[in-house]
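This document opens with one chain alone, in structure tokens, the form predicted on its own.
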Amino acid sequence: MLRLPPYQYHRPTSLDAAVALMAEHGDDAMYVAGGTDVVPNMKHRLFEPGHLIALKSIDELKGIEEVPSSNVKEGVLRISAAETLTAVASHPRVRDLFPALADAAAHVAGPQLRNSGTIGGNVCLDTRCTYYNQTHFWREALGFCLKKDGDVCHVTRTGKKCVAAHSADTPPVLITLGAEAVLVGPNGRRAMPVADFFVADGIVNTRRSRDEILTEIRIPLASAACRQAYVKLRQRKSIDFPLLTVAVAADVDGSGLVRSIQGVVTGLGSRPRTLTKWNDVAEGRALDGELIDELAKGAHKQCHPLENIIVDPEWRRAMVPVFVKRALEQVTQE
């Protein structure tokens, strides 16, 4: 049986109190919301904080509502970070405005985990790798890895860069919708596009500092006019982390011609990947079979999975055009 290391549990009821606790305990503390990723990682001794600062009792981190915005004319849908994935997937306004996001949230793990896991936790999910997400005994036998306790990446066979995979379901959709992440920490509040939130570093793949709290996601209501799709490749149709996800958002005019289109994939590298040159290829054209094939072939050229997930990388790469086509075909059916 894998046991948790000893820790002290804190349950603040305000953001200020949570930030103060983090300042007090420093590197020996971690924030936790649903705990569906943090707790298993603690059992594997990937994280061993002496203090866990729980966020689910903070009212400021709850709620889903349409609100005005100073920099978005039409306003935004505000999704608070401690809302569960179940709440996001089933919320009427999320389903009506952003069905791809509701679909992505509904495909995370299984229902028990979605009832506890949060949208903020999914956005901040730690990267995963075959050589990292193992017990301490397993990792020690291999000599550990670059991401934790070692100095060599067993995927690339060098010690220069960790390539653990980004494996969260909702960020690709949020990127295609132009969403913004809001962070609060000891230096105040800041916001950034979700597209800029991630970096290509398997060890720490977000721009969130460890003492900051992701408080909310803000999605422009204007993005609801886009045709949206989300598809996911995994070994089983429940529980498993993605081997690949594809999110697409397309702005199509009344005559069926593409004004703009964006595709984002994840599960391949350390951050979500925006597929390039889609607008160059698609703008002013009908989203028909010829264009779908062209975009799918371009995605295949851009995507090169590594052996950071147990499934064969060449097979995963072969699935990229298949799932891009499925996502684009969903968009054409709207």
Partner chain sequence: MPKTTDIVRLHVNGDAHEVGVPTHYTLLETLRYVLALTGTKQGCDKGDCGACTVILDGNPTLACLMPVWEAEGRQVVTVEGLAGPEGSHPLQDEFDLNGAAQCGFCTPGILCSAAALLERTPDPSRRQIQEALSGNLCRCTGYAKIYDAVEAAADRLQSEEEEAK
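Keep in mind that this is a model prediction, so the values were computed, not measured. Positions refer to the first chain, counted from 1.
The protein also exists as the form predicted together with its partner chain; that form is not presented, and the subsequent description refers to it.
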Contact assignment for its partner chain in the predicted complex, among Ser260, Asn115, Thr156, Asn187, heavy atom within 4.5 Å: Asn115
Listed residue that, although its partner chain is not shown, lies within 4.5 Å of it in the predicted complex (heavy atoms), from Pro193, Gly143, Pro111, Gly256: Pro111
Every residue of Gly269, Thr276 and Gly298 near its partner chain in the predicted complex, heavy atom within 4.5 Å: no
Region of this chain that lies against its partner chain in the predicted complex, out of 261 to 269, 54 to 62, 284 to 292, 305 to 313 [heavy atom, 4.5 Å]: 54 to 62
is_contact(Ile239, its partner chain) in the predicted complex, heavy atom dist at most 4.5 Å: yes
In the predicted complex, Pro40 touching its partner chain (heavy atom, 4.5 Å): yes
Contact flag, Gly35 vs its partner chain in the predicted complex, heavy atom cut 4.5 Å: yes
Partner proximity in the predicted complex: Arg11 to its partner chain, non-hydrogen atom cutoff 4.5 Å: yes
Within 4.5 Å of its partner chain in the predicted complex: residues from 1 to 33 (heavy atom criterion): Met1, Leu2, Arg3, Leu4, Pro5, Pro6, Tyr7, Gln8, Tyr9, Arg11
